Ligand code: G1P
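Just one chain follows, in the form predicted on its own, and it is written as structure tokens.
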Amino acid sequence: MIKQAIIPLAGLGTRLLPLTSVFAKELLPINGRPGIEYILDECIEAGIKEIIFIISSKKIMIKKYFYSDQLYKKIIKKKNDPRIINEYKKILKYKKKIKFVFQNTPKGTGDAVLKTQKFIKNKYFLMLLPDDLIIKKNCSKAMIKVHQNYNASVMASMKVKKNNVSRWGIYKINKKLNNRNFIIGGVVEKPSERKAPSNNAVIGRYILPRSIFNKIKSLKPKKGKEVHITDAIQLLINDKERFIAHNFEGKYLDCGTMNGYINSSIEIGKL
């Protein structure tokens, strides 16, 4: 069973400047709630028992958000406000499931994953990228079911516009399993439109094997001095490790850009 999830949170959020000049993007409110809480709820509803946050010293406010016990206790003692009491109970519920590790130098998603190696106990684990919200259907829960059915690694996917492929990890299909699931033949990080193998994009949900840690260690940083998780995944595919692309049923929201962030509040407000 998939019982652990990791969430890389050390990025600077430059696409959301100036908001992120003083505030962690994952705590920015989306329809009145910090964005990270939607990701946490998805994990918990999917049966995840432990969630590992990868943060940097510049994002320490994320840890403080979950460790504001004294503040809540003072306010509750003074006001006894039911809304604040419920908020505090919610924070405590999240806090019990969270661990923190640090990635103080931004070296890419692959390096962030590597920081969690000593905490991962089982053969497979879940990774979620906080910029990608998927609403209406629990994508992680559906992916875990696919993993159980095929005993394989799984990545969430959807088709994107061809002129937009350079924003994503793009994969080619090796074999169709059914209408929503495909065996991946290869994956490349942010290709040009000319070099992209398709317009099938990997979205920020992954079920990865522990064996990926050794592949990450073998990689050298590429453009931007970053280690990409897609390069480690390709090495595993080369070794005949099965990766399944799962075309999820929910609605995708991009919270990593200003327009996407504003639209996310609008869309969630409709629910």
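One-based numbering along the sequence shown. Small disclaimer: the values here were computed from a predicted structure and weren't measured.
Beyond what is shown, the protein has a form predicted in complex with this ligand; the following relates to that form.
Remark: Y206 counts among the residues lining this ligand in the predicted complex, judged by a heavy atom distance of 4.5 Å or less. In the predicted complex, Q234 stays away from this ligand, with no heavy atom inside 4.5 Å. Although the partner is absent here, E189 lies within 4.5 Å of this ligand in the predicted complex, judged by heavy atoms. Contact between V202 and this ligand in the predicted complex is found at the 4.5 Å heavy atom cutoff. Of the listed positions (I91, A142, V101, L129), a single one reaches within 4.5 angstroms of this ligand by any non-hydrogen atom in the predicted complex, namely L129.
The contact with this ligand in the predicted complex, taken as any heavy atom within 4.5 Å, belongs to R167 out of K172, R167, K137, K73. Exactly one of the stretches 176 to 184, 118 to 126, 189 to 197, 92 to 100 approaches this ligand in the predicted complex with heavy atoms within 4.5 Å, and it is 189 to 197.
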